[in-house]
Structures are given as C-alpha cells and as structure tokens.
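One chain is shown next in structure tokens, namely the form predicted alone.
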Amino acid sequence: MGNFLRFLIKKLIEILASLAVLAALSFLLLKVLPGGPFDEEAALNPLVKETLAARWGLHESLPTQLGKYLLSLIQGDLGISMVHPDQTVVAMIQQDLGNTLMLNFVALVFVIFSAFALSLLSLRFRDGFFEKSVDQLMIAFLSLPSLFWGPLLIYFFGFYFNLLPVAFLTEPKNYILPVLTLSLRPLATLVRLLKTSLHENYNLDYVRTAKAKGVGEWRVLTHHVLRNSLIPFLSYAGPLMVGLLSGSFLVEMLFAVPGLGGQFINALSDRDYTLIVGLTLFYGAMLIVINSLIDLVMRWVDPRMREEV
C-alpha cells in the first residue's frame, strides 16, 4: 500500500509538471511566430488595434504575459477567446466536446472489439484462408493513411452507391464513415499486436496442459490465451487513444463534424491565442490522464509491476 501511495504521489507530480511545461511551451511558441490575432483585420484602424493589444496585454514582456496566464490557469480560468470576446474558452470547448468524445468513443469500441474478434478468429483458423485474408487486409489498412481512406469511402458509399451520409453526426448511421476512416490504421496495428501475442501464448506449456485435460479449443483461447495476452494490449491502449484523438482532427474536417478538431484549426488560422492554448492544454490533460490510468491498470493486472515505485 505504501508503494502504491508513493506511486500515486509521483504520478500526480508528473501530471502537474507536464501540464505546466505544456502550457508554457504552447504559449511561448505562439508568441514567437510572426503575426498576431488582429493582423487579418485589414480595415481595422491602427489606433483600434493598439487599444485591443493593450487590452490583452500583448505589449507586455513575454515573462509577464506567461506569468499572468499561468496564474489564471492555477485559478481554473482558461481565459476569453480573442476572436469571440463574448465567449470563454471553457464554454467554447464544452460546445463541441460532445461530438469529439462520442466520435472517438465509438471508434475506440469498434477498434477494440474488431481487433479481438479478428485476432481470435485468425488464431482459431490459423494457416487458412481467413487468417491470410485478414493479414492482407491489415497490410492495406496500415499502408494507406486516413487522407486516402476518407475520400474513398465518401465517394463509394456516399455518392456512387448513395448508401450513407457523408457529413455531420445527426443520427447513428452518420457515424459509420467517419468511424471507419478514423479506425482502420489503429485497427490494423492492434490486430497485428494481438495476433503476435496470442500466437506466442498459444505455444506455451500451459496451453498444451489445458488441451491434454480436455479443455475445448474456444475455451482455451478465451479463458487462457486471451487473458495472458492482455498486457501488450494495455501497453498499446494509451498510444491507441492518442492516435484516435489526433486522427480525429482530420476526420472531423473531412466529414464536417462540429468538434474540437475543426475548432482548433479555426483557432490556428485566426491566431486566437487563448483558445489555442486552452485546447492544447485540454487535449494534453486528457492524454496525460489516459496514460496515467492505463499505467494504473497495468500495475493492477501485472503483479510484477506492483512493487515498482
């Protein structure tokens, strides 16, 4: 219990330090880039621009601006959008957060269930047509990026066959094409990882012992081999969620999904400093928390890690 408590304290310190570094780097990198949040307003009077810059403290030194921003973060305030001064950054994130989370959640569930099903079936029908077909399909998924699959799926299923909608998330069938686009490469990676782990465990002595006792093939696969193959899956769960979150930026743009991805792209084009840093911190916090939770689950599943601090 003492080791676990020390691990939690250490992990909390790491999370806070990571967020502080992320906030500082995001803020400073935006400041060193040329241009400003009001430069695109061609008709804006120079005196008005000066007034706006003074209001937002853009003429203050970088350390002063950074210090004020970090102080507001400690108080739980992400600031007000520079482009939409009537909205807070928190409110803008909440506005489109639901669509992004739902899209990523559906894609994550699809990837996990499909990967386990395909891997187990490939092992059950190993060296046959099914396994070879799955291998070839996964190679195709890995070889081509989402930028290829997205337009291809839109053309065939949206326009050529006219079977599925290609924009927005108004009903369940709207999720099919964006979820497929977002999931194909992570699915292929996870299938290859699980297949390797399942094959390694299937050839161990405990499997032969279970078979010798008369345990059926499916029970051996699901109750013995699969259980001992979960550690590699958990180790990949963090990068899997990171990949889905980052990949959803492009998918949201392709399928006109009103989510955080499109909001982030618009914030970059508008040089909305506070919104950019707010979204970066939000994504960073989600990814850090996800990786920390995965680390905790792995320590619970693998007894060898419980004694590590």
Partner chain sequence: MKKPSVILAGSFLSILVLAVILVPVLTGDQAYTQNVEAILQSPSRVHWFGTDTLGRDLFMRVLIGARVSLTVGVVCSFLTFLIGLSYGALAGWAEGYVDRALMRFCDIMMAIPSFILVSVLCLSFKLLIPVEDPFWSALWGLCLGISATHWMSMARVTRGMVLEIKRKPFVEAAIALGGTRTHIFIRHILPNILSTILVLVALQIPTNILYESFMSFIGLGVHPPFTSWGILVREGWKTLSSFPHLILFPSMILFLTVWSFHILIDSFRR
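Residue numbers count along the first chain shown, from 1. The shown structure was predicted, so the numbers you read here are calculated from the model rather than taken from an experiment. In this text, rigid core is short for the largest set of C-alphas that superpose within 1.5 Å between two forms.
What comes next is about the form predicted together with the partner chain, which is not displayed.
Pick from 134 to 142, 68 to 76, 87 to 95, 200 to 208: which stretch has non-hydrogen atoms within 4.5 Å of the partner chain in the predicted complex?
Stretch 134 to 142 is the one.
Residues 18, 25 and 287 are flagged as a possible site; in the predicted complex, is every one of them within 4.5 Å of the partner chain by some non-hydrogen atom?
The answer is yes; 18, 25 and 287 each reach the partner chain.
Is residue 237 near the partner chain? Define near as a heavy atom within 4.5 Å, in the predicted complex.
The answer is no: residue 237 has no heavy atom within 4.5 Å of the partner chain.
I'd like to know whether residue 192 contacts the partner chain in the predicted complex, with contact meaning heavy atoms within 4.5 angstroms.
Looking in the predicted complex, residue contacts with the partner chain include residue 192, since a heavy atom lies within 4.5 Å.
Taking the shortest heavy atom distance, is residue 62 within 4.5 Å of the partner chain in the predicted complex?
Taking the distances in the predicted complex, the answer for residue 62 is no, it never comes within 4.5 Å of the partner chain.
Decide whether residue 161 counts as a contact residue for the partner chain in the predicted complex under a heavy atom distance cut-off of 4.5 Å.
Residue-level check for residue 161: no, no contact with the partner chain.
Tell me, out of 218, 148, 129, 113, which residue has a non-hydrogen atom within 4.5 angstroms of the partner chain in the predicted complex.
Residue within 4.5 Å of the partner: 148.
Under the 4.5 Å heavy atom criterion, name the residues of 249 to 271 that approach the partner chain in the predicted complex, in sequence order.
Heavy-atom contacts within 4.5 Å come from 249, 250, 253, 254, 264, 265, 268, 271.
Quick one: once the rigid core is lined up, does residue 254 have its C-alpha move by 2 Å or more between the shown form and the other one?
After core superposition, the C-alpha of residue 254 moves less than 2 Å between the shown form and the other one.
For residue 277, does the CA position differ by 2 Å or more between the shown form and the other one when the superposition is done on the rigid core?
Result for residue 277: yes, a 2 Å-plus shift.
So that I can tell if residue 268 moves, could you say whether its C-alpha shifts by at least 2 Å between the shown form and the other one after the core superposition?
Yes, the C-alpha moves 2 Å or more.
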